[in-house]
Ligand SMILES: NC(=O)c1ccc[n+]([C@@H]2O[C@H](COP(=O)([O-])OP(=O)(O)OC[C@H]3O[C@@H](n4cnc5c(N)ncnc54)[C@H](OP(=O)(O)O)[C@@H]3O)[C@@H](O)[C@H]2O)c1
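A single chain comes next, written as structure tokens; it is the form predicted alone.
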């Protein structure tokens, strides 16, 4: 496994496993169990993925020492605010069956996230969270949070894939020691990505799949990423990316694919997004 070192010195695996939309009974528990057996140690969930309990059940069954795991969950924006965050954190911790979290993120840049951040700073100082960060914060809101709080976010989790590479956002993050983490790294299986001639050619050069090329590209960009997979074979394929290296020319070819576009039009600076997200309790 390859690692990044966060601004507070905590080591975080670059490659993890995500459980978004794993909501069928037993689905998330089985997937996490298989992922841990495959070799994943970073597991990413959220309170509004509605599967923290199943993730916790898989962790409990595992014989992997707790210190080898890196568990992330996220605070929903309807639980924002100082007191609400303290309560929501304890609920998530109980569902996961853990004594502490490795990473806690503000899931969306809405509601009283300043109050939430103050609570998270305290939880971090108390040793209940090893690292704190945000998700879906654009550079303006991220910079504002950095400038007006004691502790800067250590992570910003953003939609990042070959069609939306986040170079400009990453440059802003680097100025303040914030690590970029990619959600939807494979573009949700978007056909335009997986049938792209450049990616297919590079994959052929290395005798790897397009997915493996993309994930290797993330490793060499030093970006943490959390691909989702339901089948063991795909989990293993996604994990098998540490035995080859992309050339500088190949990295540049992939860089040229950037369209700065979201898959499905997920824009967290669009007021319509708040209307959509508000439908979820």
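Residue numbers count along the first chain shown, from 1. For clarity, every value in this text was computed on a predicted model and none was experimentally measured.
Below: the form predicted together with this ligand, not depicted.
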Given that this ligand is left out here, which of 129, 169, 152, 211 has a heavy atom within 4.5 Å of it in the predicted bound form? 211
4.5 angstroms heavy atom contact with this ligand in the predicted bound form for residue 230: yes
Looking in the predicted bound form, any heavy atom of residue 237 within 4.5 Å of this ligand? yes
Taking this ligand as it sits in the predicted bound form, is residue 12 in contact with it (heavy atom to heavy atom, 4.5 Å or less)? no
Answer yes if any heavy atom of residue 187 is within 4.5 Å of a heavy atom of this ligand in the predicted bound form; otherwise answer no. yes
Tell me, please, which stretch of 252-260, 28-36, 221-229, 60-68 lies within 4.5 angstroms of this ligand in the predicted bound form when heavy atoms are compared? 221-229
Looking at this ligand in the predicted bound form, which residues in 1-30 have at least one heavy atom within 4.5 Å of it? 18, 19, 20
